[in-house]
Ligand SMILES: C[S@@+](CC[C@H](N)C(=O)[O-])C[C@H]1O[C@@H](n2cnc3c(N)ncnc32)[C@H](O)[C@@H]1O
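In structure tokens, one chain follows: the form predicted alone.
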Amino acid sequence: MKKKTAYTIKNLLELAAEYFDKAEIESPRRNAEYVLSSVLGLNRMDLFLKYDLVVNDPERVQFRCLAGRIQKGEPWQYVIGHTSFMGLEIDVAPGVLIPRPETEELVGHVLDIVKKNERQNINVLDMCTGSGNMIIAFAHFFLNRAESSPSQTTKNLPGLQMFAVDQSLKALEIAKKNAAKFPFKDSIQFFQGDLFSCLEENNLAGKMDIIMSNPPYVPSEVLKNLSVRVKNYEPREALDGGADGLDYYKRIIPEAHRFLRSRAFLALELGEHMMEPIQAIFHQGGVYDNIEFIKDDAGRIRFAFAQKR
């Protein structure tokens, strides 16, 4: 009788990485690690510590099914149903944009702005919230930082009210599910609508200390040249910024100042080579100053910050 093959973690990772490589999947080994980690309920470090662990048949079959989806181009984040953003587990699903590492940097800069200005009661708006990753990460680190400060007591911890807007009901469904994992969930109000219209209806004009946004900014023609995993799986409406990629900036920048308090901040993520046209949009209305463009860790101009006059 032929002896049944026993597959260890090491075997499966090597086979899957080779499988993905032949299918021209970017970062084949990492994709294999994420999916196997999810199937086995382990973190990626545990995989290395348990290389010789034999994977049972049901788990191996499940892994093979998920690997088949990745081989066809589906992002691993959709396959396993979540991703990491600033170390927090964020649920994602088809129809919701997958958070990018660059956006972690935007949240970090916003946290620094708040720290420098030392405001005690803060209203923060996340426009085009998607999975809610930005507002959730901001709240988590802002509140943890405040609670760990020796100068703070329970009585004088800063107040934080948060608002998140998206046009997609699917995105808001996921964002609410993500927020429900955290103790500050009741401090976030979610609105469905076209940019600022829903805020106007809720009398929130002139109430925000920070408005941050990672809007769609990929030029329509460029979308055609993106990888299969992006153009075939991620929602077009969360990516398409119109002919020049600037459609949302042309609306957000002129409208945002009506919802900002005096000397409050607008923080935006932007695509490559967009600094000059976005700078021009900021200057058109004459309502912002201290306009600053900041590079990401890769050295590309990626973020814009401005203060309402």
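Note that residue numbering follows the sequence shown and begins at 1. Keep in mind that this is a model prediction, so the values were computed, not measured.
Absent from the display: the form predicted in complex with this ligand. The rest refers to it.
- Only one segment in the set 76 to 84, 165 to 173, 109 to 117, 200 to 208 has any non-hydrogen atom within 4.5 angstroms of this ligand in the predicted bound form, and it is 165 to 173.
- Taking the partner from elsewhere, every residue among 97, 103 and 193 has a non-hydrogen atom within 4.5 angstroms of this ligand in the predicted bound form.
- A single residue from the set 282, 248, 259, 63 has any heavy atom within 4.5 angstroms of this ligand in the predicted bound form; that residue is 248.
- The partner is absent here, but in the predicted bound form a heavy atom of 128, alone among 160, 179, 128, 137, sits within 4.5 Å of this ligand.
- Of the heavy atoms in residue 238, some are within 4.5 Å of this ligand in the predicted bound form.
- Contacts with this ligand in the predicted bound form, taken as any heavy atom within 4.5 Å, map within 215 to 233 to 215, 216.
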